[in-house]
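To begin, one chain is listed below as structure tokens, in the form predicted alone.
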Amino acid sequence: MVAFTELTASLLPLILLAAFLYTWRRLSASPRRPPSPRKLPIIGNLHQLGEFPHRSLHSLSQRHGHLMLLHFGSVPVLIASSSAAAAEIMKHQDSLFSNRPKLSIADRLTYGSSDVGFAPYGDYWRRVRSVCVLQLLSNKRVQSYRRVREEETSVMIDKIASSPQNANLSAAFQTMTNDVVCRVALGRKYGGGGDGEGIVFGEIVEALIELLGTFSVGDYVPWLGWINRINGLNARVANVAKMYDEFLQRVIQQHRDKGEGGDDGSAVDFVDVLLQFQRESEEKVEDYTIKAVIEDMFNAGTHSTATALEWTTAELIKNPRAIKTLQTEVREVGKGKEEIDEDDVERMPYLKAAIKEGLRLHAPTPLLLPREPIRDTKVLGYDVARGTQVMINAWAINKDPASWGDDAEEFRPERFLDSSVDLRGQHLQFIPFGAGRRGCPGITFTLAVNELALAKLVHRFDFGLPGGARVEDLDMTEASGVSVRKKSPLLVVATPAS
């Protein structure tokens, strides 16, 4: 008995050491998850999103960290709210995070995610994106549509001049961007012609964009998917998808009937280019691919472009010093000219800085489209499992005082005049169009439209508010949606410049 006790006593340190090592190994092997706010059963953190998710998520990140893990129903969602986290996801591990989660509404509206925006990462996506970058949105192709931009921005200016006392700039911007994209993508305007086809198409585009920003509870709580049948959402999606498909099929057939566009490329629209790609491609290209890519052009090229122009113009009107500086620059460059052209724009650094500052404060898509890692990985020391949705809060990053100083909330275009920070995804503290492989390929097109439109506006008009309201009191309230526009339209008194 004594011998047994002595043996036990002699082995006790080894037993304790073995227990310690076993526990340490188990703890070391446990995933180190990012910090998380408390969640509710079934819905997880969905109740914390609020009407404006980019703002709600920013508030949560201030308490839990710039990299945090939430649960939307049963789906883990990583939220990145700093440039360091964004750089890790969209730069250092870009290829690993380039997949898209499958979202039911987007999938049904984009022909099974056959577009560039929602297609899963792989050979198909690379092939379609290459067509967009090299054929549709290259610098050469964008320049070939210069005449379209100059004509449609002039039409917009004339319409504003026709009702200067109560000009609705929000509506003017939306009409102008829609007409530009229609002419560039489809070969003609569909803005409400006498046959009614334009009105119908405008309604289809509006419905498409609204539905793409609609939350589907079934994506996150699968057993509640039946709700979309009861509330009519499934029927709406099916109806809009059908109308869009039938309209684009007619457009494609009209292009096939008329044959190829002009040899110099000036009369060639996106449908022409895609049909040529379809004819010449070694791999089969279905009509639905053409339709999905054209849909991307409207989703990104109309609402987002008009929204960005609306916010920048509103910020300028609200800040008399800034708009006076811009008007001085534009009117000096355009002195003696009836109208500004794109050559003039290249000599306007403050104009370009104002556009950047507007995009910094009001990213058209404040939460970038979600990504998904293709395998388990680590981000800033935290474990992130395959299948986790990843959302990057561009709105929070673009306004982070750590990058932009104590005046980060202020509209100050001067901050870009002597700065190398650009918006094309190289500087991760400023990502209005995203970055990496999944960054927006249409940046050059968007900037060309907005810079010319804004230059023509301030060249032609001085601005005030209806009823003699002070410009400093201009309502800047946001409206909810995938593209966060102004809640109230931008109504102004547009006085011809003296």
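The model shown is predicted, which means the values in this text are computed figures rather than measured ones. Numbering starts at 1 and follows the sequence shown.
The same protein has a further form, the form predicted in complex with a small molecule, not shown here; the description that follows concerns it.
- Comparing 58 to 66, 426 to 434, 33 to 41, 452 to 460 against the small molecule in the predicted complex, the single stretch with non-hydrogen atoms within 4.5 angstroms of it is 426 to 434.
- In the predicted complex, the small molecule lies farther than 4.5 Å from every heavy atom of residue 358.
- In the predicted complex, the small molecule stays beyond 4.5 Å of every heavy atom belonging to residue 187.
- With a 4.5 Å cutoff on heavy atoms, residue 221 does not count as touching the small molecule in the predicted complex; it lies far away.
- The closest non-hydrogen atom of residue 412 lies beyond 4.5 Å of the small molecule in the predicted complex.
- The listed set 81, 312, 110, 305 contains one residue whose heavy atoms approach the small molecule in the predicted complex to within 4.5 Å, identified as 305.
- Note on contacts: among 300, 330, 169, 397, the single residue with a heavy atom within 4.5 Å of the small molecule in the predicted complex is 300.
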